[in-house]
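Just one chain is shown here, as structure tokens, and it is the form predicted alone.
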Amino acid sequence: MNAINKPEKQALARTVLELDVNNHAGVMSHVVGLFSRRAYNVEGILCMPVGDGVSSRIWLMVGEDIRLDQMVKQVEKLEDVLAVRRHGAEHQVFERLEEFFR
């Protein structure tokens, strides 16, 4: 196929998931493993401890597709996940990082 006949890929809209989790070894592995096992691409990850370090906040930038609602439900079922919030792709945590790496 040449460039003229190639079907163009449409860019998926992005969503930022903000997770509050218990802060201990293995939590990040459980969260991203859930996405990995379902072949769901994670485009960005940021994790920071919150307050006294008992909990952490994880931000995941993911593509918006028909499986996302089900993925959120599965993440909410993980033992160490305390809360999940969805934001648009313009969430400032990734906006600032993108500016930094340009």
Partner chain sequence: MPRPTTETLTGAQIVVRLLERQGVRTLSGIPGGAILPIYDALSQSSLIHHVLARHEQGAGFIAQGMARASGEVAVCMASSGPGATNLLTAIADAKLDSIPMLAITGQVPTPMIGTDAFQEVDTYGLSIPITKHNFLVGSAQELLDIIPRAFRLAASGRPGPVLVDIPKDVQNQAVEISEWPAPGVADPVLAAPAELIEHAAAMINAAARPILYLGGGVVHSGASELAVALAEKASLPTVMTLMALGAMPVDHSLSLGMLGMHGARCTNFALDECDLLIALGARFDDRATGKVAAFCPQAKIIHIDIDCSELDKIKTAHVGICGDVAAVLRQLAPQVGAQLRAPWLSRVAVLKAEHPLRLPGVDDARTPYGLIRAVADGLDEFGDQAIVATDVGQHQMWVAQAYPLRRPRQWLTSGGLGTMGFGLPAAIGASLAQPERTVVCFSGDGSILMNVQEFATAAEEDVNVKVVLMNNASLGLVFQQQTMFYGERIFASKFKGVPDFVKVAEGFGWRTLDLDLTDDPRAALRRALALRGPMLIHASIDMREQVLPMVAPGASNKDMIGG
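Residue numbers count along the first chain shown, from 1. In this text, all values refer to a predicted model and were calculated from it rather than measured experimentally.
Separately, the form predicted in complex with its partner chain exists; it is not shown, and the next lines address it.
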Query raised in the report: Within a 4.5 Å heavy atom cut-off, is N41 in contact with its partner chain in the predicted bound form?
Result: no
Query raised in the report: If you check in the predicted bound form, is E90 within 4.5 Å of its partner chain, heavy atoms only?
Result: no
Report task. Give a yes/no on whether G51 approaches its partner chain to within 4.5 Å in the predicted bound form, heavy atoms considered. Result -> no
**Report entry** Partner contacts for 48-85, taking its partner chain in the predicted bound form and a 4.5 Å heavy atom cut-off
**Finding:** Q70, K73, Q74, K77, E79, D80
